[in-house]
Ligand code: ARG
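This document starts with one chain, in the form predicted on its own, laid out as C-alpha cells.
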Amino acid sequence: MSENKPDAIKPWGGRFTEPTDAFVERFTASVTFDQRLYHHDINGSIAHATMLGKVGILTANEVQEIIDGLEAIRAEIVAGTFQWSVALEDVHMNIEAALTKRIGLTGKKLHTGRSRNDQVATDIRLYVRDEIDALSGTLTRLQLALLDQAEREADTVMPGFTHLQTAQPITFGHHMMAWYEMLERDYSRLQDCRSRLNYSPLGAAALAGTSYPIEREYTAQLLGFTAPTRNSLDSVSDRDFAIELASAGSLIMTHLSRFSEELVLWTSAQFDFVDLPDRFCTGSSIMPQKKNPDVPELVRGKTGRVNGHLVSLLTLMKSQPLAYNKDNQEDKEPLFDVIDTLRDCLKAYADMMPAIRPKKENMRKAALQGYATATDLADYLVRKGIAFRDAHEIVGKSVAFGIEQNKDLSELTLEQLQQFSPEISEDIFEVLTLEGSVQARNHIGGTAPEQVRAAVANRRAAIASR
C-alpha cells in the first residue's frame, strides 16, 4: 500500500472546499480489502466502454485507448507493481485515476453514463458469480470422493446410531451417501443463488438511471449476465445475493461440521472406526502418542465464523432506505471471508476424503454390540403374524435377557429365544446376522449394498450431466 499522495485528487472533489480529514480517509476507505475486485472492475469498465462506443458516445479510437490502458493496469496489478492509494478510497477510483494518468482526457470519459453505485454492484456480482463457480467445482470434487468411498465400502458393515446409541447395522458406503446427499442440496442452493444474482446492474447509475442513450442489454450480454436488472433503485442497493450466498455457505459449513464431528469421534480410541492420513493431523507438544484430527476440528470451529457473517449481512441491510448507502461498504469483508472460508474448508475435505480408510473389523465388532439387530427380530415376528407392538414387547424382553447373560441376540440359543415366543424358529439366525440385516433393507434409499451401488451410479450420472 502506498502512502497517500497530495496529487491523489478525488473525482468527486469539485463540490468540496477543504481536503478530507486524514482519519476520515482511512476510516471510509475500502481499497485495503476491495482491491480483490480489480479483475471484475476492469472487465466491467471494458464492457461499459465498448457499449459507449457502440452508441456513439466514444469513438472507436477512444474505446481502444481505454481498453489498452485498462489491460496495462491489469497487468501491473497481477505483477504486484500497481500502487494503491487510500486517498483514492476504493478499487474503482484507484483504477480510474491510474487510467486517466496513463491516457489523459480519454480516461475521464470512461465514467460517462454510470456511477460508482452501479459499478460496485456489477463488480461484486461478477466476483460472487466466479466464486460460486469455483466453490461448486470443489464441492463436486468432494462429492466424487464420497462416491468413490461409498462404492468401495458398499459392503462394509458399521453400526448406525440414533442419539449416539447403537440403532441398526448399516454400511459405511451408505453413511458416505448420506453425506453426499447433504452436499447435493448445497450444490443446488449455490446454483440457485448464481441464477438469481446473474442480472446486470450496470447502467442503473446512481439510482435513477442515466440520460445517455446507453444499451444495458448489450453490456449485460458482454459480461455474461442473463439480462439487465429491472429497477434502477433496487439495482444499486440490492445485496440479497450476498446474504443468500452466506446463507448457503452457513448450511455447507453446518454439513461439514457434522462430518467433522463424526470424524473426530471415529478417530478417537473409544471408536477407532477410521484412520485419517497423517498429513491432515498434528501431534501434541507434550504427549508423543497423540494424533489430533486438527483439520476436522478447525472446520467445525469455522462454522461459527460463517454463521456470524450471515447475521452481520442481515443486520447490515435490515434498516437501509433506498437506494445506496455507505453502510453497504460493510458488505464486502464478511462476504469475502465467507467465500475464503468456504473455499479452504471444501478444499481440505476434498483433499482429505479420498485418503480416509475405515477400520472394517473395528466397525464390525462395534455393530455386534448394542443389540443392533433387535428391529430385525421384531420384523421377523411380524412376518410370522404377530402384531408389531406385541413383537416390540417380545424383543424388548429378549434384549433384557441378553443384557443379563451379557450376550448379543445372535449369541442366544434357539431355546433361549423361544422362551419369549414359540414362533421363533431356526431361520432366525439368518435374520440376526449383520449381513442379513443390511441386505434386508433393499429398497431405494436403504442400506443394502445393492442399493448403495445403485445410488452411486445414479449420482455419478447426475454429476456427469451438470
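Start at 1 and count along the sequence shown; that's the residue number. Predicted model, so just to flag it, every value in this text is computed and none were measured.
There is another form of this protein, the form predicted in complex with this ligand, and it is not shown here; the text below is about that form.
Exercise for review: Pick the stretch from 431-439, 27-35, 407-415, 51-59 whose residues have a heavy atom within 4.5 Å of this ligand in the predicted complex.
Suggested key: It is the stretch 27-35.
Exercise for review: Could you work out which of H92, R129, H111, H309 is the residue within 4.5 angstroms of this ligand in the predicted complex, going by heavy atoms?
Suggested key: If I apply the 4.5 Å criterion carefully, the residue I get is H92.
Review point. Considering this ligand in the predicted complex, which of S232, N117, Q168, T106 comes within 4.5 Å of it through any heavy atom?
Key: Exactly one listed residue reaches within 4.5 Å, namely N117.
**Study point:** this ligand contact at R194 in the predicted complex, heavy atom, 4.5 Å
**Key:** No, no contact at 4.5 Å.
**Study point:** F225 within 4.5 Å of this ligand in the predicted complex, heavy atoms
**Key:** So F225 does not count as contacting this ligand.
Exercise for review: Would you please decide whether S260 lies within 4.5 angstroms of this ligand in the predicted complex, comparing each non-hydrogen atom pair?
Suggested key: Output for S260 is no: heavy atoms all beyond 4.5 Å of this ligand.
Check your understanding: Counting only non-hydrogen atoms and a 4.5 angstroms cut-off, does Q329 reach this ligand in the predicted complex?
Key -> Close contact exists here: in the predicted complex, Q329 approaches this ligand to within 4.5 Å, heavy atoms only.
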